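Next up: just one chain, as structure tokens, the form predicted on its own.
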């Protein structure tokens, strides 16, 4: 994927994020994720039924990388089983941390494959995934 397409996708997810806005519904699990080193402070929520993520939403204050990564994550994970989501998250984290990963699992999330070049942005790109991992853990209890 060329750099212009990457920038365009990141900008699109930042300006028109998927499922921004929380809902008041007890069927959702909600967690707050906060980056202590910058402004990023988001709530991520998901509705999981029969082991499948049927909806996910977010809101909060965050930079362009965090907001767009959250939007792309939600777009990628809706409809996935918990196991599929965990595998996608694991591969995404590996990509951000410069470890081996399967890019075929990441779809649009591959646009963040050079975030590691800006170490201060790694936490921004990982923040929503930390929240989703917590949601997936809570959903098994």
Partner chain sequence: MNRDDFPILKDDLIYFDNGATTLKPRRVVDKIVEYYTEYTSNAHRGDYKNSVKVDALYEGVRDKVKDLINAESPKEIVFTKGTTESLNNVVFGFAKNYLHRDDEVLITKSEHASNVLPWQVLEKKIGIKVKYIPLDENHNITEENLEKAITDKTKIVSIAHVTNAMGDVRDIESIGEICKKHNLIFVVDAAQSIGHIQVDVQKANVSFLAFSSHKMLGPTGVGVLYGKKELLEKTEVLEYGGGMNSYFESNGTYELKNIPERFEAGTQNIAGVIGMGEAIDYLREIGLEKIHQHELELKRYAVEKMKQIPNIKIYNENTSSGILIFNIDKVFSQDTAIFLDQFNISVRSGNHCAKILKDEIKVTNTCRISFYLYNTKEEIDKLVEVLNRQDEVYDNIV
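Note that the structure is predicted; figures quoted are calculated from it, not measured. Residue numbers count along the first chain shown, from 1.
From this point on, the text means the form predicted in complex with the partner chain, which you will not see here.
> Have a look at 92-100, 25-33, 111-119, 79-87 and name the one stretch with heavy atoms inside 4.5 Å of the partner chain in the predicted complex.
In the other structure, the partner sits against 111-119.
> Against the partner chain in the predicted complex, would residue 106 count as a contact residue? Criterion: heavy atoms within 4.5 Å.
Heavy-atom contact with the partner chain at 4.5 Å: absent for residue 106.
> Residue-level question: is residue 63 within 4.5 Å of the partner chain in the predicted complex, judged on heavy atoms?
Flag for residue 63 set to yes.
> Please tell me whether any heavy atom belonging to residue 55 falls inside 4.5 Å of a heavy atom of the partner chain, as the geometry stands in the predicted complex.
Residue 55: no contact with the partner chain in the predicted complex.
> Any of the heavy atoms of residue 124 lying within 4.5 Å of the partner chain in the predicted complex?
Although the partner chain is absent here, residue 124 would touch it in the predicted complex, with heavy atoms inside 4.5 Å.
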